[in-house]
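Given as C-alpha cells, the chain that follows is alone and in the form predicted on its own.
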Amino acid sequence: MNGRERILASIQGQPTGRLPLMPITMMFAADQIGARYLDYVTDYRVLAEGQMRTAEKFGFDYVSAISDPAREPADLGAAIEFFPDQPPAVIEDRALLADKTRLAALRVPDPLAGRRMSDRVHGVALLKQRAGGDLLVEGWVEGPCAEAADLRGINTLMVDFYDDPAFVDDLFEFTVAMELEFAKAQIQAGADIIGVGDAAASLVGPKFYQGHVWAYEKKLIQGIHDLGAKVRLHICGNTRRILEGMGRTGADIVDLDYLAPVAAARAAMGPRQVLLGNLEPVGVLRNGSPEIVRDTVAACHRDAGENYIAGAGCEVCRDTPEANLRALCEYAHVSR
C-alpha cells in the first residue's frame, strides 16, 4: 500500500497497514533544498521540489501546496508585504475591506489568471506529475473566517460579529464562493484532497462559531466534496470549545492543534472521525528529544484510537532537528 492509498483507506475506515503520516512542512521543506522562502511561495517549481524532497527523505504519505494565506488576498488586490525568507503577510492597516462597502464591488478572481492563485494551481499539477499515484496530493484554500480576517483585518472582523453580523455573513458568502473556485482549479489540476485553513475560527468562541462560522465551513466542505475531493480541516489554536462543531462540518480529516486534547476531540466527535495531530510543534517536536516525540505521538495515538493520522499540531518549525522529525515518522512507519 502506497501513501496515497493509505490515507484514502484511512478516510474510508479501511485497514491501512500502518499509521498514515501527514506533517505540514513549509519553511522546513524550503530549507531542505536550500531555497529562500520567498522563492518557495512565488515559484511553484521550488515548492514542488521542496515538497517532493522532504516527503522522500522522511517517508511522508503526501505532498502539499500549502505555503501562505496571502494568495487569495493578493489576487483581489490587497496590500501584501513580501520578505526574503519569511512568509508574505497581508498588511492589516491597509486592509482591502477597511471600508466594508467595497465588498459589493468585489469579484471572484480567476484562479488561472497567472497570479498567485495560479502559481498554487501549477504547483498542484507539478506535484501530481511527480508524485504520480504514490503520494496523496493536497491543495489548499483559506476558510471563511480566516479569509474574511485577511480582507477586513482580524481585529475589525471580531468587532463586526457584534456590530454588523449581516455584513459578516455577506463576507463569508463571498469568501466561500471564491474558495470553491480556487479549490475547483486545484482539483482539476490533480489535488486529491483540499486543506481548509481557518485559523481565525479559533478566536471567535462557540457562540459566533455556531451562529456564523460553522455553516460556512460546512458549505465550503460540502462544495469541495461535490467537486470530487476529500477535505482536511485545519484550525490553529485552542479549539476545545468548538470541537463538536468541527466534527459536524463533514471534513474527512480534522487537524488538532496542541491546545486541543486528542481525547477531548475523540469524545466530542465520536469514533469514526479521522483525527490528525496534535504534537506541540515547538515545545515537543522542535525542543524535545526523539524519545519525548515518540512518547507524545504514542499518547496521541492511544487517545485517538482508530482513525488517527500522525502529524504535528501545526507547521513543523523550520529548525526542527531532523532526529526529532524522524522519531515522529518512524513511529508512524511501524505502528498499526
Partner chain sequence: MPELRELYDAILNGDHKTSAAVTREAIDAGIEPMELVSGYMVPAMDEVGKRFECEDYFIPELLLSARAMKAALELLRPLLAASGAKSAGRVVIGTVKGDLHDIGKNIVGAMLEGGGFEVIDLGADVAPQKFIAAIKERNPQLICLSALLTVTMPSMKTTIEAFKEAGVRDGVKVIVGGAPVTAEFAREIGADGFGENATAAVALARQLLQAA
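Remember, it's a predicted structure, so these values are computed and weren't measured experimentally. Numbering follows the first chain given and starts at 1.
Only in words, not in the display: the form predicted together with the partner chain, which the text now covers.
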Counting non-hydrogen atoms within 4.5 angstroms of the partner chain in the model of the complex, say which of 240, 130, 116, 184 makes the cut.
240
Could you tell me which one of 301, 294, 36, 286 places a heavy atom within 4.5 Å of the partner chain in the model of the complex?
286
Mark residue 282 yes when one of its heavy atoms lies within 4.5 Å of a heavy atom of the partner chain in the model of the complex, and no otherwise.
yes
So, residue 248 and the partner chain: in the model of the complex, are they within 4.5 Å at any heavy atom pair?
no
Give a yes/no on whether residue 208 approaches the partner chain to within 4.5 Å in the model of the complex, heavy atoms considered.
yes
Closest heavy atom of residue 173 to the partner chain in the model of the complex, within 4.5 Å or not?
no
Specify the contacting stretch among 210-218, 261-269, 106-114, 149-157, defined as having any heavy atom within 4.5 Å of the partner chain in the model of the complex.
149-157
Site test, 83, 163 and 203 vs the partner chain in the model of the complex, non-hydrogen atom cutoff 4.5 Å:
yes
Can you tell me which bits of 296-317 touch the partner chain in the model of the complex, meaning any heavy atom within 4.5 Å?
317
